[in-house]
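In the form predicted on its own, a lone chain appears below as structure tokens.
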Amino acid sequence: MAIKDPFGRAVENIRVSVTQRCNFSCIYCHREGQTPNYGVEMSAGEIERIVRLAASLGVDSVKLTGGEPLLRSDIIDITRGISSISGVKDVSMTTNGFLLTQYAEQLKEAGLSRVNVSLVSLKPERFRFITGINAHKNVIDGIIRAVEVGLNPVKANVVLLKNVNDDEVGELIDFAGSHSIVLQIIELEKFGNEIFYDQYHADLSSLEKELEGKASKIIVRRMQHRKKYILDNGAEVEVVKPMHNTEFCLHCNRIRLTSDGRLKPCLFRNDNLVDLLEPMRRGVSDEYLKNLFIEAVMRRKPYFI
């Protein structure tokens, strides 16, 4: 039975940032809401210990994030260690895809179930503008390789930006259908930069209406009640609206672990984190750490109510 916060929300999922390092410089990156601290990084053993404690409290789903998780030289060991933990049913990863061709098969063998890949554009020049790097082919090849080795589902995440890549939706849907991947079209989040947001924000409401008219089947996701549109060409498309809404908070089952070992009860807050790494390196017991984990869960509160 998963532990519940004071608002009755079960915590079933932990997002583990294994590093803040990244080889991309995406113009919209929010760094998982983490305050930069590049000098401290959990070891593979420390990550596994925390996830094991989380699993003992009913957390059964783990997502590895960054930064870029594939920059960790021990990412296969981290994945294998987590997937072997009793109670963990699902291990997934969010990656920029640059190194996915190299690692996809090893990740699958280590127990990774599925993967989300940032596919910012199908056009190389736009890809370079958004990410700051010439890596378009690497990412496309990585997505295809992930499908080939049996990671399922493979999801391509596209943040739609006004006057940048918002005219590519049709091509992206065709790409998703032809490669048997799920396309997640993401509306730009507002993370404090009003000028940037006003310049690039594209409202996805009209796209949702268009997809509803075209879909042969619509599935409502359990968390956030988000819709998945099944199209005639076999493509599966999800539209991810901004998380600042009561529906998201109502169904949130996540807690985050920062790369420097702190539990982050809410993506949007940095004033209620619980440090696990410092006590762990002092040699405290598992029971002590478990109580800290429970304390972090008890600090969870809907941000948008």
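Numbering starts at 1 and follows the sequence shown. From a predicted model like this one, the values you see are computed outputs, not experimental measurements.
A second form of this protein, the form predicted together with ligand SAM, is not displayed here; the remarks below concern that form.
Mapping the unseen interface onto this chain, Q34 falls outside it, with no heavy atom inside 4.5 Å of ligand SAM in the predicted complex.
Though the partner is left out of this view, T65 does reach within 4.5 Å of ligand SAM in the predicted complex, counting heavy atoms only.
Taking non-hydrogen atoms only, L250 never approaches ligand SAM to within 4.5 angstroms in the predicted complex.
Although the partner is absent here, R269 is not a contact residue: none of its heavy atoms lies within 4.5 angstroms of ligand SAM in the predicted complex. In short, of 103 to 111, 183 to 191, 202 to 210, 164 to 172 it is 183 to 191 that has heavy atoms within 4.5 Å of ligand SAM in the predicted complex. This chain lacks the partner; the member of N138, N157, S92, S83 within 4.5 angstroms of ligand SAM in the predicted complex by a non-hydrogen atom is N157. Taking ligand SAM as positioned in the predicted complex, the only residue of 117 to 153 that brings a heavy atom within 4.5 Å of it is S118.
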